[in-house]
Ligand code: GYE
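Presented below, as structure tokens, is a lone chain in the form predicted alone.
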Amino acid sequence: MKISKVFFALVVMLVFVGSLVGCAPAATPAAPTAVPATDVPAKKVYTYADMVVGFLQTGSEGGWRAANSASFKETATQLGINLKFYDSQNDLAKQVAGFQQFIEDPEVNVIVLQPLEVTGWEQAMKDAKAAGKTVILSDRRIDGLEDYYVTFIGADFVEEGRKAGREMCKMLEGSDSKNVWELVGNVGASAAIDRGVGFRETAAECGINITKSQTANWSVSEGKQVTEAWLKETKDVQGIFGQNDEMAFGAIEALKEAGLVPAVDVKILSVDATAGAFQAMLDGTLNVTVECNPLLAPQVYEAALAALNGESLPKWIPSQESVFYADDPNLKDIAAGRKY
């Protein structure tokens, strides 16, 4: 009996000691070892001085193009941009070759393309993207390939054509016949294609008949030659639509030599609104000109800088444009204030 009491006492004691151990506070875990911070270089913020721009001009076919080239050169100087200028001489093969030169040039980080034609750019665009070049389209579009360029900056050529069609309708209102000749830019150029589409869209609304349409390659001399050939066939024409000023100037000369009075016997309408067009309106040989703004460089360079710094841009940034009339009483003052 004594042994049982002793054994019982020992058991109680062991249970009591075990309970003390079980209620002891858990050991505090060791603090994690600090991981040294990795040095992450700050993201480069580009300025205009960091930009090296390869600019591909179509050629030098007239006043609009001269003003456009001057805009890119003068604005680059003002902003401190390194501009590498390439004249494609209105030759698509040369323009594509120039584009490839800029891709291979390690200094160039921006390529500004004013494409001669809407097609033929797939491989060049893919090569530019693979080389990490920022590509911006200016003045003219290409077909598709939107994933390979940042944005297009330029006019709505279809709307320019629509404006031209509306103005021709106004000029020929009340005319017994509405036969119109169209002088077209170079085949394959987005400006030529789209202006033709827009013109037909609105000209059809007033019953205009486009009885002749032919390329004159944006040229004064070819505009004259084409119009001369047409005039030898017939003089049944009430209006001429020149898709640029220069071709309209050629038509004006051909009409004069054929004994017709430009802007009176035959209404003349052009696109671009260069200084030459304003002078022709002041001289009374051109009725209307639809503006296509060539001073695109500030918008283009601003977009290029934003793209280099990772900003998102719309796929099209339109330029602002107007329509000008020979009978505007303020025409002389407007012409005096023009920069091109």
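Keep in mind that this is a model prediction, so the values were computed, not measured. In case it trips you up, residue 1 is the first one in the sequence shown, and so on.
The next section is about a form of this same protein that is not shown, the form predicted together with this ligand.
Proximity to this ligand in the predicted bound form, defined as a heavy atom within 4.5 Å, singles out one entry of Phe72, Phe157, Trp121, Phe152, which is Phe157. A heavy atom within 4.5 Å of this ligand in the predicted bound form is found for exactly one of Arg162, Arg140, Lys224, Lys178: Arg140. This ligand is not drawn, but in the predicted bound form it has a heavy atom within 4.5 Å of Ala191. Contact annotation for Cys292: at least one heavy atom lies within 4.5 Å of this ligand in the predicted bound form. Proximity of Trp64 to this ligand in the predicted bound form: non-hydrogen atoms within 4.5 Å are present. For Phe99, no non-hydrogen atom is located within 4.5 Å of this ligand in the predicted bound form, even though that partner is not displayed. Residues of just one listed stretch (238-246, 166-174, 254-262, 208-216) have heavy atoms within 4.5 Å of this ligand in the predicted bound form: 238-246. Of all the residues from 268-286, the single one having a non-hydrogen atom no more than 4.5 Å from this ligand in the predicted bound form is Asp272.
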